[in-house]
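In structure tokens, one chain follows: the form predicted on its own.
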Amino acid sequence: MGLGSDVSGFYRLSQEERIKLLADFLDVKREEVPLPSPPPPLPLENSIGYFPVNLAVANYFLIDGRDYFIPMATEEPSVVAAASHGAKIARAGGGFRTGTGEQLMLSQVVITDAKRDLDVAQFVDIASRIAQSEMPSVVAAGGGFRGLDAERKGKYLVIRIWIDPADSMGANTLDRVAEALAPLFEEATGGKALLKILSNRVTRRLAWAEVEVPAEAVGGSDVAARIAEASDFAMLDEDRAVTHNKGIMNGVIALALATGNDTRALEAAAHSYAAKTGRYTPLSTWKFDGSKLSGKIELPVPVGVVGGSLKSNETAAFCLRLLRISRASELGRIMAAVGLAQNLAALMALVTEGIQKGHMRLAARTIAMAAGAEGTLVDLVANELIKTGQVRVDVAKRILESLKERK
């Protein structure tokens, strides 16, 4: 398979041309790519239909020496463009390098009116047996119970259960284990279980990504130095750090939505991790040594590639297939790289032309297509819209008619 994701002008292709290109990338027939057909209905209470979100792919991604097309579901075109731009810059330094550590999630049983503390050493073996029996598929995949601890917090006794959910996100598994263990802990402590549920604060299921590029890749030493300076400022200023991280999550959440993952859990975990020191800080940092710009990100990745809605959502399943992965840890590493690419592109825009100019270009293309422009006419109409400063459909229609009359 000689095709890579470094496809120049990918955004200029028609939708059908892009889908055929992805089929070639996967070495499958066009009919094996279930796009753009909608997924079958999901069992959602009070459902009245679908709220469509554009599904796109970011290209140019080279992660750990392997090419990727990144599926992204988002309403904002600049998100996909920024991810591709950041990835293209990263190629100048050999792409992204990524990794993960332990992959543990936390479940809690909160006991009230405990007469006795829990002797963890005495109960860890039986707790392990009960927990393992509640998650046979997770155990079969290499995950399972990984530990137990307890702590008094005011009038509450908080018992923490650590679980490796393998390739699932783990929410249902962790809740089920907590509920199964609660009677044991109630009897052992003489108290009553108030809560039995996972925590979305994720400190032991992390992924990281890093990249190093020559200054020329971002427009020279001055730009590289300003990117590093903007990163330093985010470390000092919480107002800026929040927006810095929101930009990172633009890409992470778009990938999560495309692969059928819980976007709310990712947001909660990421922002709580950013505040782990007691101050809210950026998830990524950038440094410039005079010749090379280097960036690194670390963030929690409570994601899965099995379970949830994936069995009934063929589009999400295809997006995972497009990534050519089989483990949740792989998806976590890719998410870290996407977040760092998004961050690089945003910082570069901020310290040079500003965010709004790039957004204007993308908005102009969108308006041009809404006005009926196709093929090469899209860019021609968009350019004229930007010149007029009136990025509106009615203006785009007039420009399009004028261009057609000249032909």
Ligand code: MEV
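Just so you know, these numbers come straight off a predicted model, no measurement behind them. We number the residues from 1 along the sequence you see.
Form predicted in complex with this ligand: not shown, discussed below.
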### Task
Although this ligand is absent from this view, report whether Arg333 comes within 4.5 Å of it in the predicted complex, heavy atoms only.
no
### Message
Within 4.5 Å, heavy atoms only: does Lys196 come near this ligand in the predicted complex?
### Response
no
### this ligand contact at Ala346 in the predicted complex, heavy atom, 4.5 Å
yes
### Message
Does any part of Glu229 reach within 4.5 Å of this ligand in the predicted complex? Heavy atoms only, please.
### Response
no
### Message
Tell me which stretch of 243-251, 200-208, 170-178, 276-284 has a heavy atom within 4.5 angstroms of this ligand in the predicted complex.
### Response
243-251
### Message
Looking at Leu377, Val33, Leu350, Val53 here, can you tell me which has any non-hydrogen atom within 4.5 angstroms of this ligand in the predicted complex?
### Response
Leu350
### Query
Heavy atom within 4.5 Å of this ligand in the predicted complex: which of Glu134, Glu267, Glu212, Glu76?
Glu76
